[in-house]
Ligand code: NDP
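Presented as structure tokens, the chain that follows is alone, the form predicted on its own.
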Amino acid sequence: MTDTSTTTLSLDEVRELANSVLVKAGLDAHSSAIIADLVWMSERDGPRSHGLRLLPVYAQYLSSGYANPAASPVIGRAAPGVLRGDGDNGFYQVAALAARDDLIAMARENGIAAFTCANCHHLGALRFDTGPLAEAGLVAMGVVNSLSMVVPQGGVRPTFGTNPMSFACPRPGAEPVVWDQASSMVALMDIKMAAAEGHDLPRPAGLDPEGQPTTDPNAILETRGLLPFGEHKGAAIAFLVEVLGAALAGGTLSVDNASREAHGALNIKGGATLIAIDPARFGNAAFDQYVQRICAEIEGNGTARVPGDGRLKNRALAEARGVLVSAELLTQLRELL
């Protein structure tokens, strides 16, 4: 019988546990602190599938030699509005943080700027890259391509990754609007979490071994054939991410995963692109009022909510009560210490 008991951890305990696991796995102190922050923010705001449950994956990347535990990203200016990064086979989030101040300054100087990065690993939520840009008063969009497991509409084999994207913009008098989503019906880590917790998905999100849509997460993990959201429309978004991510950055295409397979890793070293826009340089002095009006038309409109605002409720609850962690996961994490 599966152990369904849980333990409540404070957010500080989550961050401390994450940092300890990463350091033990060999990640240098600087990178460990950055990734541990992303883990606790994921447990706080969601998606929790990108929180503590990713730590064994990070540890496997490091122990197998797939990722560089002492990576030192190299970032240079490729054009007046373009920063180009090489992640030195480390985690993308470390390179993105190193580029953030320059990206913000360039966006304010030019009106728009972009950071693109290859030779790096990414598994966390993109909202933690776009959100800080919105807090700085910028509009932001981020994309990253990932391991092929999404079947294009009408196709018979995976072509795209879950290929997530994120958008963020400032919201006067309130937290920025920040959302992220996969191009697939459901993110891979949410499918893995459903399988680990022993429940079906709320809607068909992938194919079973007979090629039929299913809500069974274990069947989907067996075929690694996920469905795009919105049928052909989601597949088109996945294509967009493949181009803006892998092609612009020079990262690994979603279908090219021989290196991943050799190391037994969960993801490829895809490409990521982060675009920052300064609304103050676009000539509409009423930009803030436009955003307020858009949000006002959503709030109070039945049960609709501004995209991404569910994270604020999650945050309040996690800060007040901590987070519940399964005994199975805690045991797995402690075995890594």
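Note that the structure is predicted; figures quoted are calculated from it, not measured. In this text, residue numbers run from 1 along the sequence as written.
In what follows, reference is made to the form predicted together with this ligand, a form of this protein that is not presented.
Under a 4.5 angstroms non-hydrogen atom cutoff, this ligand in the model of the complex lacks Gly26 among its neighbouring residues.
Interface residue remark: Gly308 is counted as part of the site for this ligand in the model of the complex, having a heavy atom within 4.5 Å. Though the partner is left out of this view, Leu123 does reach within 4.5 Å of this ligand in the model of the complex, counting heavy atoms only. Under a 4.5 angstroms non-hydrogen atom cutoff, this ligand in the model of the complex lacks Asp88 among its neighbouring residues.
The candidate stretches are 129-137, 247-255, 96-104, 179-187, and the one lying within 4.5 Å of this ligand in the model of the complex by heavy atoms is 179-187. The partner is absent here, but in the model of the complex a heavy atom of Val144, alone among Ala238, Ile220, Cys117, Val144, sits within 4.5 Å of this ligand. Contacts of stretch 8-47 with this ligand in the model of the complex, defined by any heavy atom lying within 4.5 Å, are made by Pro47 alone.
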